[in-house]
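This document starts with one chain, in the form predicted alone, laid out as structure tokens.
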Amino acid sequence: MESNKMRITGSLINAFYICPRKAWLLAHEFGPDPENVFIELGRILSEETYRREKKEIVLENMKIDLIKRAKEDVIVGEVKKSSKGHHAAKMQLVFYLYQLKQYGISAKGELLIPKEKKKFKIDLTQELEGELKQTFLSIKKTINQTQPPLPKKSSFCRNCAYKDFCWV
């Protein structure tokens, strides 16, 4: 996969922060285990929460969980099962805010974790935008490799839908 053809998505950003190997597999279109219970739990969570909001907005390389208005503001929400991958989820949301900014849309973000009853407000700052741009470069470098990075054991491996690619 050449970098100029690569489309960075929110899911790829999230995967890269969790595990660069997972991002490589995702970018090279290796599918996760379709019977992974955590994928099904995520789908159910997405369907059953925030029913009054506009959900699953698909734009070019983004699949935004929900969008709502609060007075003058457009709020983009990212829903997660837990706060375990907080920074990865935050950067996924920052990616959406950055992409919307490229379209001339100023939005604010909310990272939503309904099971834990937590909500984190995220604004696109220059610092986060700078980190995101650095991440773009790191992702391109990683996924342009002919082989995936070697697996590294982490606390995310246990529930990962890609674990069979690493630990069989």
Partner chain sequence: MKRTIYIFSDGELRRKQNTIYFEGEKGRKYIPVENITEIMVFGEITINKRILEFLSQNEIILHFFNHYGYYTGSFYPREHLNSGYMILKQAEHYLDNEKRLLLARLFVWGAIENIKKVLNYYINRGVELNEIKENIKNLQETIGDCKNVEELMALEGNARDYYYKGFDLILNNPDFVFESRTRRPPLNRLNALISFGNSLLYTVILSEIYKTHLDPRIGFLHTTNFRRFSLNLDIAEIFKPIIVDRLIFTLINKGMIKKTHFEKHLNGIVLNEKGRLLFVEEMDKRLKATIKHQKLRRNVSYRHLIKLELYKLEKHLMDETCYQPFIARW
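Not measured: the values here are computed from a predicted model. Numbering follows the first chain given and starts at 1.
What follows is about the form predicted in complex with its partner chain, which we do not show.
**Student:** Find the only residue in 133, 51, 28, 119 having a heavy atom within 4.5 Å of its partner chain in the predicted bound form.
**Tutor:** Partner contact (heavy atom, 4.5 Å) among the options: 28.
**Student:** Could you spot which one of 127, 40, 123, 60 gets a heavy atom to within 4.5 Å of its partner chain in the predicted bound form?
**Tutor:** Of 127, 40, 123, 60, the residue with a heavy atom within 4.5 Å of its partner chain in the predicted bound form is 40.
**Student:** Look at the stretches 40-48, 133-141, 63-71, 105-113 and give the one with heavy atoms within 4.5 Å of its partner chain in the predicted bound form.
**Tutor:** Among the candidates, contact is made by 40-48.
**Student:** In the predicted bound form, is there a heavy atom of its partner chain that lies within 4.5 Å of any heavy atom of residue 17, even though the partner is absent here?
**Tutor:** No, residue 17 stays farther than 4.5 Å from its partner chain in the predicted bound form.
**Student:** In the predicted bound form, does residue 56 come within 4.5 Å of its partner chain, counting heavy atoms only?
**Tutor:** Heavy-atom contact with its partner chain at 4.5 Å: absent for residue 56.
**Student:** Please determine whether residue 10 contacts its partner chain in the predicted bound form, using a 4.5 Å cut-off between heavy atoms.
**Tutor:** Contact check for residue 10: no, nothing within 4.5 Å of its partner chain in the predicted bound form.
**Student:** Are there residues in 12-39 with a heavy atom within 4.5 Å of its partner chain in the predicted bound form, and which are they, in order?
**Tutor:** Residues within 4.5 Å: 21, 24, 25, 28, 29, 30, 31, 32, 33, 34, 35.
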